[in-house]
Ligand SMILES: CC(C)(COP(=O)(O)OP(=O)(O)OC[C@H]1O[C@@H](n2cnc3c(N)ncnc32)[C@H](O)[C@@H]1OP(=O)(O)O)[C@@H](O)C(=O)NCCC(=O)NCCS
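What follows is a single chain, given as structure tokens, in the form predicted alone.
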């Protein structure tokens, strides 16, 4: 298996992976919109024997009161159903976070499973003084400082790209 940056020729397969991994096409459609509208973004695919079996995307988020801080939100992450629970999602998250660090982003956030994401260093965002614009349980909104101390003496509400408001 190889993880690499998404290329234009991968877009249909990425759409199919996201459609297959979620109950509706909403996440797949979200990826299409983010790809067009969100800058900068990081979009990686997992490929096995020439077939795309996983995808992860990071898109810009903002922290109210701190307009100069560069941060990304992890969403969505998808693996084709037949290839789930084989470490592909873990590999995608690890590779994605490395790309985020190399891109000089201060922190990343995720709305996700509280037993999956802490293995990468994510912890409840409220412990770092930030919260989500969405009404979600605090344990599912997590943050990871990509630059040590990036959130020291900072607080505020994280806002995702406007495309997330159309997710249904």
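Please read all numbers here as calculations on a predicted model, not as lab measurements. Numbering follows the first chain given and starts at 1.
If you look for the form predicted together with the ligand, you will not find it shown, but the lines that follow are about it.
S.K.: Among 119, 39, 101, 64, which has any heavy atom within 4.5 Å of the ligand in the predicted bound form?
M.R.: When the ligand is considered in the predicted bound form, the option within 4.5 Å is 119.
S.K.: Based on heavy atom distances of at most 4.5 Å to the ligand in the predicted bound form, which listed stretch, 109 to 117, 44 to 52, 31 to 39, 129 to 137, is the contact stretch?
M.R.: Going through the listed ranges, the match is 109 to 117.
S.K.: Residue-level contact is defined here as any heavy atom of the residue lying within 4.5 Å of the ligand in the predicted bound form; does residue 72 satisfy this criterion?
M.R.: Outside the cut-off, so no.
S.K.: Although the partner isn't part of this model, could you tell me whether residue 21 comes within 4.5 Å of the ligand in the predicted bound form, counting any heavy atom of the residue?
M.R.: Residue 21: contacts the ligand in the predicted bound form.
S.K.: Does the ligand come within 4.5 Å of any heavy atom of residue 97 in the predicted bound form?
M.R.: No, residue 97 sits far enough from the ligand in the predicted bound form that none of its heavy atoms falls within 4.5 Å.
S.K.: Relative to the ligand in the predicted bound form, which residues of 66 to 93 have a heavy atom no more than 4.5 Å away?
M.R.: Contacts from 66 to 93: 76, 77, 78, 79, 83, 84, 85, 86, 87, 88, 89, 90.
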